[in-house]
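Before any questions on how it binds or moves, here is one chain, the form predicted on its own, in structure tokens.
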């Protein structure tokens, strides 16, 4: 059995191709070469390692990545992100090959809402519209009416008649934030959350704010309410990035996954960005799932076109409906990532 065959045999267990590569290889040059040879596009989330962000064709948040996946004419989509993002790209491009450097790059938030349990929950509210945050499984999307991202969530909620009840899944923190922003008291929240955004330390952030009184404190709406209450600005990753570019402040305390700081520093090299500390011994807040992807895994998945994201056709057909509805509403509202 050759090296590739052995590696593919282990894929289910490991989640990635475990093949030794020359440590002296110029990975940047080889990846760029493979992009041209295979007519491939690399889509990377802001939370990826800086080296992956630097080689990507497009870097963005969930909405921007979905829009780019839908618009691409590439033959192969290489998704440097987590599993639900690659699934979304496959739904939008069922005839294209979608590969992910590590199939086990999952999501704690997505995992917090298993579709079978949610179906039982949904049955209690038969007249409610189901709005699911895009950070969910393909299976959950099949029982969702409208998808949303943290960028367009408020637009999506406001598009639904006020008298209509809403079930919002899976993020209770984003849901509570939207309830407050839109005044929708008839919104039922699923009890899910993101492990990264739930462990920010209120005490440590308060100390940082005292130490840096000139800093703006900015936060992602997946954070808990007691953290959001302290924020000078709340927004999605792309909105946080834009805020740091446009705001005249020279220092920012950032409460979201630390990968976004790379783009903030590139866009505003003279400004200072401080990762908000979590309730543990780490200096910053990293998503262990996002960080499963590496340059080596990226190279191997492009070279061998494995691991590939495969979805049943009925999941694609049913799951895409809520994504298309999100895109339609966003477009009609003139909303862009």
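Computed from a predicted model, the values in this text were never measured in an experiment. Residue numbers count along the first chain shown, from 1.
The protein also exists as the form predicted in complex with 1,3-dihydroxyacetonephosphate; that form is not presented, and the subsequent description refers to it.
**Q** Is residue 141 near 1,3-dihydroxyacetonephosphate? Define near as a heavy atom within 4.5 Å, in the predicted bound form.
**A** Looking in the predicted bound form, residue contacts with 1,3-dihydroxyacetonephosphate do not include residue 141, since no heavy atom lies within 4.5 Å.
**Q** Would you check, heavy atoms only and a 4.5 Å threshold, whether residue 300 touches 1,3-dihydroxyacetonephosphate in the predicted bound form?
**A** Outside the cut-off, so no.
**Q** Considering non-hydrogen atoms and a 4.5 Å limit, does 1,3-dihydroxyacetonephosphate approach residue 62 in the predicted bound form?
**A** Yes.
**Q** Is residue 131 close enough to touch 1,3-dihydroxyacetonephosphate in the predicted bound form, meaning at least one heavy atom pair within 4.5 Å?
**A** Residue-level check for residue 131: no, no contact with 1,3-dihydroxyacetonephosphate.
**Q** Given that the partner is absent here, state which listed stretch (66 to 74, 41 to 49, 270 to 278, 301 to 309) has heavy atoms within 4.5 Å of 1,3-dihydroxyacetonephosphate in the predicted bound form.
**A** Result for this chain: 41 to 49.
**Q** Could you work out which of 290, 295, 34, 56 is the residue within 4.5 angstroms of 1,3-dihydroxyacetonephosphate in the predicted bound form, going by heavy atoms?
**A** Looking at the other structure, the residue within range turns out to be 290.
**Q** Give me the residue from 255, 85, 156, 169 that has a heavy atom within 4.5 Å of 1,3-dihydroxyacetonephosphate in the predicted bound form.
**A** If I apply the 4.5 Å criterion carefully, the residue I get is 85.
**Q** From first to last in sequence, which residues of 219 to 255 have any non-hydrogen atom within 4.5 angstroms of 1,3-dihydroxyacetonephosphate in the predicted bound form?
**A** If the 4.5 Å heavy-atom criterion is applied to 1,3-dihydroxyacetonephosphate in the predicted bound form, 219 to 255 yields 220, 222, 236, 237.
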